[in-house]
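What follows is one chain in structure tokens, specifically the form predicted alone.
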């Protein structure tokens, strides 16, 4: 997480794709999995997204983010497996608790959709500089204020993680126990909340001052500090993605 972002500098074909094409890929990849409710199709889209992460040399960096989704995925399997309204076929039991085939099948479909969504956003945020993405959107007509909000969202989480790491190291150097069992970790996490929140508020104030100094609210014509990067394959990829989305919608309606 250099420069407070999730972006990873790599020499890959995915990094050479323009940000808007990758943003379009996220919408198409997530959208088609909800248009077609077929396990094989969703699994194929998920496999293709994993292939992009592999080609981008960032596959292993998405694993911690997937790990954070385990609780959500586990809750989906439990709720749908036990309480799906169309349950009728008993598949197996866990400590006398029945698991129905219909519920588990639907839970598996939801799990594949969630994993594909996480990995699709991973393709975007791990291989795209936030500055390039926001600048491309602004050049296409998006409001600079909305662009700033988007850029802040992309930067706030990695910056908070970095601040938390620094504060944890400072607390550890003062003799505070931060490692061990779950209870020890929870106890050590609570004292971190106040300095992390206060630091975030200070950062917000500093940013607002910096933006005002740079004329953020100016109504005059805006210019860009950096020239537009010339990315490869942008037009062709957009055409392919649009054609794929149209084909899936047609398939869903007429077949």
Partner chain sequence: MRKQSMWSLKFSTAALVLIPAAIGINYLGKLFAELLRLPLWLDSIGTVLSSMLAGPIIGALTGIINNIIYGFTASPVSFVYAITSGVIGLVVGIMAYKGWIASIGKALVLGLVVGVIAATVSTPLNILFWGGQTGNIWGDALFATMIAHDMPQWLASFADSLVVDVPDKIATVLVGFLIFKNLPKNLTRMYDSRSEIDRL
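Positions refer to the first chain, counted from 1. Since the model is a prediction, treat every value here as computed from it, not as a measurement. Throughout, rigid core stands for the largest set of C-alpha atoms superposing within 1.5 Å between the two forms.
The form predicted together with its partner chain is left out here; the points below concern that form.
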For this session: Could you work out which of 108, 154, 138, 99 is the residue within 4.5 angstroms of its partner chain in the model of the complex, going by heavy atoms?
Result: 154
For this session: Note which of 63, 47, 193, 54 lies within 4.5 Å of its partner chain in the model of the complex, where distance is taken over heavy atoms; exactly one does.
Result: 193
Problem set entry | Contact label in the model of the complex: residue 225 to its partner chain, heavy atom within 4.5 Å | no
Exercise. Taking 4.5 angstroms as the cut-off for heavy atoms, does residue 166 touch its partner chain in the model of the complex?
Worked result: no
Exercise. Is residue 170 close enough to touch its partner chain in the model of the complex, meaning at least one heavy atom pair within 4.5 Å?
Worked result: no
Problem set entry | Proximity of residue 208 to its partner chain in the model of the complex, heavy atoms at 4.5 Å | yes
For this session: Could you tell me if all three of 75, 114 and 150 have a heavy atom no more than 4.5 Å from its partner chain in the model of the complex?
Result: yes
Exercise. Can you name the residues of 124-147 that have a heavy atom within 4.5 Å of its partner chain in the model of the complex?
Worked result: 124, 125, 133, 145, 146
Problem set entry | Core-superposed comparison between this form and the one not shown, residue 211 Cα displacement 2 Å or beyond | yes
Problem set entry | Is_shifted residue 194 between this form and the one not shown (CA, 2 Å cut-off, rigid core) | yes
